[in-house]
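Heads up, the chain below is alone and in the form predicted alone; it's given as structure tokens.
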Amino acid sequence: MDLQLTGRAALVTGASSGIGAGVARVLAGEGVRLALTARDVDGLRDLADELRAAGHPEPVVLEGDLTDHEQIIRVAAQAHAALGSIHILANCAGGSRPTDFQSDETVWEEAFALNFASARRLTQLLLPGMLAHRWGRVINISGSMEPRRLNAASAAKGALHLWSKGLSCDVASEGITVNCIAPGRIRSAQTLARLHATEAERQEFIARNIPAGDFGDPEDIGRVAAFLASPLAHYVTGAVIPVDGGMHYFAH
């Protein structure tokens, strides 16, 4: 299926590894011109080399810490300067922040800055260009709304869900869609090193919680993101789409 994305321009955050890199790989394969940003500039360069070697359009590498408002402004400006109008914004930057009720304000502020405010601020900066062209796609990587314990990132992702739904209503008539993808267990450094550090732990979790019988790959998220980014998905907005092998049915 031709997703009709050739020549479109996208900014992908959190693109140095994991889901962000998977989204970037799939979009590049569809002919999308990419600006990639993350704190890990070496990871970004490795991905850029990979995409270049595969014959995809040359990506723009932008080092940036999206918990810093000034750096968000810089990244948005540099992406626009390098690619012109940004048609697609894939907000993939984020990370789990397990906490407890006694955690101080810095824990909560950092979790919300990374998992919610970065997406909101980048969207606010890039949305005027989408509105001018009456076409745009905002895709937010969120998370489960059935947490197993207190996690500051879960609260931030809850804010991301409701903000996305509200914004989607405001811009739908302008040819812009806003959607969330809620990943399950995806093979990434965070999942394999922190959540399930051994193969035995992984298999035990899969057996109890994932009907599909395995973890997903970053490109599984990327394929859904690519469809949502395409003109074919013009009638999908305000959605939260789980990509989790059925795990959401077994949240508790």
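Numbers for residues come from their place in the sequence shown, where the first is 1. Note that the structure is predicted; figures quoted are calculated from it, not measured.
Just so it is clear, the following notes concern the form predicted together with a small molecule, a form of the same protein that is not shown.
**Q** Could you tell me if residue 175 has a non-hydrogen atom within 4.5 Å of the small molecule in the model of the complex?
**A** Contact check for residue 175: no, nothing within 4.5 Å of the small molecule in the model of the complex.
**Q** Whether residue 209 contacts the small molecule in the model of the complex should be assessed with a 4.5 Å heavy atom distance threshold; does it?
**A** Residue 209: no contact with the small molecule in the model of the complex.
**Q** So in the model of the complex, does any heavy atom of residue 94 sit within 4.5 Å of the small molecule?
**A** Within the cut-off, so yes.
**Q** Would residue 203 count as touching the small molecule in the model of the complex under a 4.5 Å heavy atom rule?
**A** Flag for residue 203 set to no.
**Q** Counting only heavy atoms and a 4.5 Å cutoff, which of 58 to 66, 25 to 33, 223 to 231, 45 to 53 contacts the small molecule in the model of the complex?
**A** Result of the contact check: 58 to 66.
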